[in-house]
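The chain that follows stands alone, in the form predicted alone, written as structure tokens.
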């Protein structure tokens, strides 16, 4: 048996972080422009800003992935300029990335123990020892429900996020960087307990999130970035949400309008009909989705919502039951076939299931209409630019991003490109799985506007979100899933967060 696991650093190892006038450019694009702030020993410090504000670039600099052009970083008073991710870890900086860095074809134990695998008597990596050590790590982080022997590819996104966090914590960092750590978590309190324990031991935590409620729960101070510049560091106890939003975007942010004010008539034409749909995790779901309607889906983690949306998007098999689009029975076994049937799908994991990282943003957006763009066997680039430009404008995606590789875009701009693609496809029914996960308040407003505009023109939307307030504000009505079944519906005055929680925990109806 391996030695006992200790996840907190020794007291003398926890040190402060000082960032001074850090600048980074990618050709003509300036990602960071003189960013400065400090993080104290044992402090949980928020880093706030829109997607594209420079947060990801700063995280990469602190993680040793890229080097700044100018400026300095000091850790505990000493110059900190790591040349690699491993060098950053060796210096005491560990990162849990928003875009998960786990190796999907390996087990949880292997991901948690690389690159220093436990070895047996013959000097070879020992599966038993590595799984035992991983089990201790998971138990120490209150994640013992995740099997060390499971393949990462078989885990849910929430489980993958937890493993990513456990791995970052396991290096006993002096500075822990958490990039949108709760974006995929169903139970953020799990993470909050870990963060509070680490901070109490002296570890500094740089906490990046768009969710101000949890930022206020964990952090006393926060630094706001906008267009690559540090706008200021604020005492969160004395700063109102509106003040912070104004610093982030240069103007105040409005709450999404309540879409339930003008409910869709139940006699509106049917758009999508499901009858007794069954498959892995889905146990006989029936529903009607009308033209011009936004139907929300509320559920706790692992209640069948992921499987249901993947089935409707053509990414998972339908074992039995019927699907009809505009009254006509349809069958499909792939996202392309679902699209041809009139259903456009925005998946949960954009980098794995949604976008092609090696292609330009334009090529990613134009994929569903390539057949229309062909001329004498070649793509008509002029027409492609025109079509892509029109779709990009619908989602407020800046023209300068269209010709760039999509891998260079922030997560929020990648999500805009993914939504632009499904709009360009011509599908009249959208199945959106948590489309605002990990995006900033400005991008959320854009996505809300796209959804409302789409349904105002006669489209229909089935929407799952981990944020109940989002479902309440956007949905005409909301269904609750529990153990793979629809257990209740809320609409009008009954569509409240409290009601959805009651239904989603199996205590409704």
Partner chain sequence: MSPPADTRGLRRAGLGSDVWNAIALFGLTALLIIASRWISSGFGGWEQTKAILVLSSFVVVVAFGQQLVILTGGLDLSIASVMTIGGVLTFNFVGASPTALIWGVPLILLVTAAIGGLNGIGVVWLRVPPFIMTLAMGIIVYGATLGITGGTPRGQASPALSALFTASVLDVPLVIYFMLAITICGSVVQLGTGFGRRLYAVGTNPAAAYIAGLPVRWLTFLTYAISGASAGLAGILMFGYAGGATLTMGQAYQLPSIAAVVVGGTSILGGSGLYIGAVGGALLLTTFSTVISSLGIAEGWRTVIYGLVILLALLVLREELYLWAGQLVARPVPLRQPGEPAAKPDA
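Keep in mind it's a predicted model, so treat the numbers as computed, not measured. Numbering follows the first chain given and starts at 1.
Not on display, but discussed next: the form predicted together with the partner chain.
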Fill in: Within 4.5 Å of the partner chain in the predicted complex, all of 454, 463 and 491 (non-hydrogen atom)
no
Item to complete: May I ask you to check whether residue 433 falls inside a 4.5 Å heavy atom distance of the partner chain in the predicted complex?
Response: no
Discussion item. Taking the partner chain as it sits in the predicted complex, is residue 424 near enough to touch it, meaning that at least one heavy atom pair lies within 4.5 angstroms?
Written reply: no
Discussion item. Check residue 396 for me: does it contact the partner chain in the predicted complex (non-hydrogen atoms, 4.5 angstroms)?
Written reply: yes
Worksheet item: Could you tell me if residue 286 has a non-hydrogen atom within 4.5 Å of the partner chain in the predicted complex?
Response: no
Worksheet entry | Residue (of 212, 323, 168, 362) lying close to the partner chain in the predicted complex, criterion heavy atoms within 4.5 Å | 362
Discussion item. Can you work out which of 219, 225, 175, 355 has a heavy atom no more than 4.5 Å from the partner chain in the predicted complex?
Written reply: 355
Worksheet item: Since the chain is shown here on its own, which stretch among 197 to 205, 240 to 248, 71 to 79, 368 to 376 would lie within 4.5 Å of the partner chain in the predicted complex, judged by heavy atoms?
Response: 368 to 376
Worksheet item: From first to last in sequence, which residues of 310 to 348 have any non-hydrogen atom within 4.5 angstroms of the partner chain in the predicted complex?
Response: 310, 314, 315, 333, 334, 335, 336, 339, 345, 347
Worksheet entry | residue 226 and residue 397, C-alpha gap in the predicted complex relative to this structure (3 Å or more) | farther
Item to complete: Relative to what we see here, could you say if residue 227 and residue 466 have their Cα atoms closer or farther apart in the predicted complex, with a change of 3 Å or more?
Response: closer
